[in-house]
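As structure tokens, one chain now follows by itself in the form predicted on its own.
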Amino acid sequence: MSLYCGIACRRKSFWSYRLLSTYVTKSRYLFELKEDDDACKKAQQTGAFYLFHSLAPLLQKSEHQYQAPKHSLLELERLLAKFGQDTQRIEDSVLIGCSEQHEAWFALDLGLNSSSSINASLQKPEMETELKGSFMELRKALFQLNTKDASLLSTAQALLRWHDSHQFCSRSGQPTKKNMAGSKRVCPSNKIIYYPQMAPVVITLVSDGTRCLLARQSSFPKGMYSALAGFCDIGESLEEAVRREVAEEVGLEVERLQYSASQHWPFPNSSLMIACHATVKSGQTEIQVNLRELEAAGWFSHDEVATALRRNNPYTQQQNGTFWLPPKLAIAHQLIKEWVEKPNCSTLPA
């Protein structure tokens, strides 16, 4: 028994002192900031802030890309003071991540009416002049950002929008209070806790073995086609949502499907895009477009889709009638590329 205890103790000691990975230490650090207001406030002292105005991020042009500048707490305090704003406004910021060195990253919207300050929103032109940048609509700039900035700004916009639209308790009607990190809001009167949420959306590339089905909505840019997509209904499984959406939009019945990947998408109000491949039943490929959902849909050959993927600047194809696909950062692009590289990837039974 004593020998067993000795081995157990040594094993416990080993696991207690083993080095944690960078990912684990980052995750635990962010968890601490979300749960401890004092720790989060301390992190702001050495952290960096991304600025927004009415949900549009501050960006600066750099060659063929946009960059999102960061500001220290001291720079932000000086900026607010110059425009006659109380530094208490910084409490409206939300935590959006951190570096491997544990520099915490926050986002603050200077255009929304502040919940922690009596001051009104700051004027956009004056702020742009002072900050030497432009507050740009994220949807227009997203595909000209690097992957890191695109991810951070998408997270930031989603959180800022959620807090702006959830300032009152749905049960008591009383104002809710956000924690320092912005990871939740609490109703002081009944202690109900509200957490930011995402709406699940299935996005499905349907194929029949040699062709894939692409569609477009009237709201899409001219000439752009993509995979089918739709929100999951309450009570549905992922598989049920895929089958229903395909049946509703193009009148086809899915035979097999396979999960591919997922992606947070900030438009219009923060969604979790769940990407799948699906095949339809043999001999049942006649499309019946639901015009209340789609403007057009059709089958495209492997060569047609591969050619569309190779185009360097798909936006120029709008003039000559050639269809084009979603940009690389969108999960729809990755789903289509996956099919082109491996046309028979959707072979698992549903």
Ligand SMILES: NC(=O)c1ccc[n+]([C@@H]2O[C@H](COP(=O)([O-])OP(=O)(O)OC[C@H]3O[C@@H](n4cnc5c(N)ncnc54)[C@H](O)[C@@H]3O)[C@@H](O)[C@H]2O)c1
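It should be emphasised that the depicted structure is a prediction, and the values quoted were computed from it without experimental measurement. Residues carry their position along the shown sequence, with the first being 1.
Just so it is clear, the following notes concern the form predicted in complex with the named molecule, a form of the same protein that is not shown.
Decide open versus blocked for this chain after superposing the C-alphas round the site and placing the named molecule the way it sits in the model of the complex; the blocked call needs 3+ ligand atoms within 2.4 Å of backbone or C-beta. Open: no clashes with backbone or C-beta.
Heavy atom distance at most 4.5 Å to the named molecule in the model of the complex, all of 94, 109 and 180: No residue of the spot touches the named molecule in the model of the complex.
Would you mind picking the one in 144, 226, 260, 134 that has a heavy atom within 4.5 Å of the named molecule in the model of the complex? Of the candidates 144, 226, 260, 134, 226 is the one lying within 4.5 Å of the named molecule in the model of the complex.
Quick check on this chain: which one of 84, 268, 173, 125 has a heavy atom within 4.5 Å of the named molecule in the model of the complex? Checking each option against the named molecule in the model of the complex, the one that comes within 4.5 Å is 268.
So which of 100-108, 228-236, 159-167, 84-92 is the stretch with heavy atoms within 4.5 Å of the named molecule in the model of the complex? After filtering at 4.5 Å, what remains is 228-236.
Verify the contact flag for residue 151: yes if a non-hydrogen atom of it lies within 4.5 Å of a non-hydrogen atom of the named molecule in the model of the complex, no if not. Contact check for residue 151: no, nothing within 4.5 Å of the named molecule in the model of the complex.
Taking 4.5 angstroms as the cut-off for heavy atoms, does residue 186 touch the named molecule in the model of the complex? Close contact is absent here: in the model of the complex, residue 186 is far from the named molecule, nothing within 4.5 Å, heavy atoms only.
For residue 293, is any heavy atom within 4.5 Å of the named molecule in the model of the complex, or not? Within the cut-off, so yes.
Even though the partner isn't displayed, in the model of the complex is residue 273 close enough to the named molecule, meaning a heavy atom within 4.5 Å? Yes.
Contacts with the named molecule in the model of the complex - residues in 86-112 whose heavy atoms fall within 4.5 Å: Sequence-ordered list is empty.
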